[in-house]
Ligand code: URA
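Here we start with a single chain on its own, the form predicted alone, put down as structure tokens.
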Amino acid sequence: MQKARNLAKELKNYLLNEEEGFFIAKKPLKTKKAETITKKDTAQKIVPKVKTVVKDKAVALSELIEQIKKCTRCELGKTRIKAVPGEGNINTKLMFIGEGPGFDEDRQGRPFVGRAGQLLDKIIVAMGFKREEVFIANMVKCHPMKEPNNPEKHGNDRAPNQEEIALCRRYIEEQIALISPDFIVALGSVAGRSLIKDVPTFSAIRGKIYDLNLTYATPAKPIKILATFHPAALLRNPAWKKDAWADLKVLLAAMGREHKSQTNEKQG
């Protein structure tokens, strides 16, 4: 019996001095190694990824603009003076989309720079933003004209037709997906009914917020869209300004910015 006890004691001492010490020593080393790898992976995968996404976004939009400038897929591209890709903050939370460039935009290559654009600038300020904080674009990128052979004629603007919108649609959808704003304001019936699907009339969708569903592109996150009057329509019918502002207040409430608006309903 005493011999068995002595053997048990020796075994216990061996485990304490050898085996147990081995496992205790190895465990922290293993954990430390795992932590080092995790930090290394984080440095390699996460930090550069943020920079790459921002860089790729700007590069992708720049490349898209060059495609738009060279595009002649429809007749509009053959009669324009300058293509109007769009402009603004590519990291914005708010995007405005109209129907197409007009006389002034065709010459400057910039969206909403005529009288309607001046009114849109006032609307943007009334909403608590600056023009340079948002992104502004159109469904089609070239000037739709009633008389394409007479580009110097004033009052020659028209709305783009369905074929022109279809041929240009990929451009605006790619812009939306790349910019990935939280909200879009569709200005007028053409933009509203083109971007909000399966709707009977413009009046039926105006002033309501919808989930945006694109045909050719997939944004990185869900986007909400609201349609209201085009600024050009407000210039022709000033009485509609009150209704347009009511529409935009719905959007501001959804954005949590209703307190930012510091104007009356007759702004513009």
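All residue numbers are counted from 1 along the displayed sequence. All values derive from a computational prediction rather than experimental measurement.
There is also a form predicted together with the named molecule; it is not shown, and the following applies to it.
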Want to guess which of 98 to 106, 121 to 129, 174 to 182, 73 to 81 is within 4.5 Å of the named molecule in the predicted complex, heavy atoms only? 98 to 106
Using the partner position in the predicted complex, report whether residue 111 sits within 4.5 Å of the named molecule, counting heavy atoms only. yes
Check whether residue 206 has any heavy atom within 4.5 Å of a heavy atom of the named molecule in the predicted complex, and answer yes or no. no
Counting only heavy atoms, which residues in 117 to 151 are within 4.5 Å of the named molecule in the predicted complex? 138
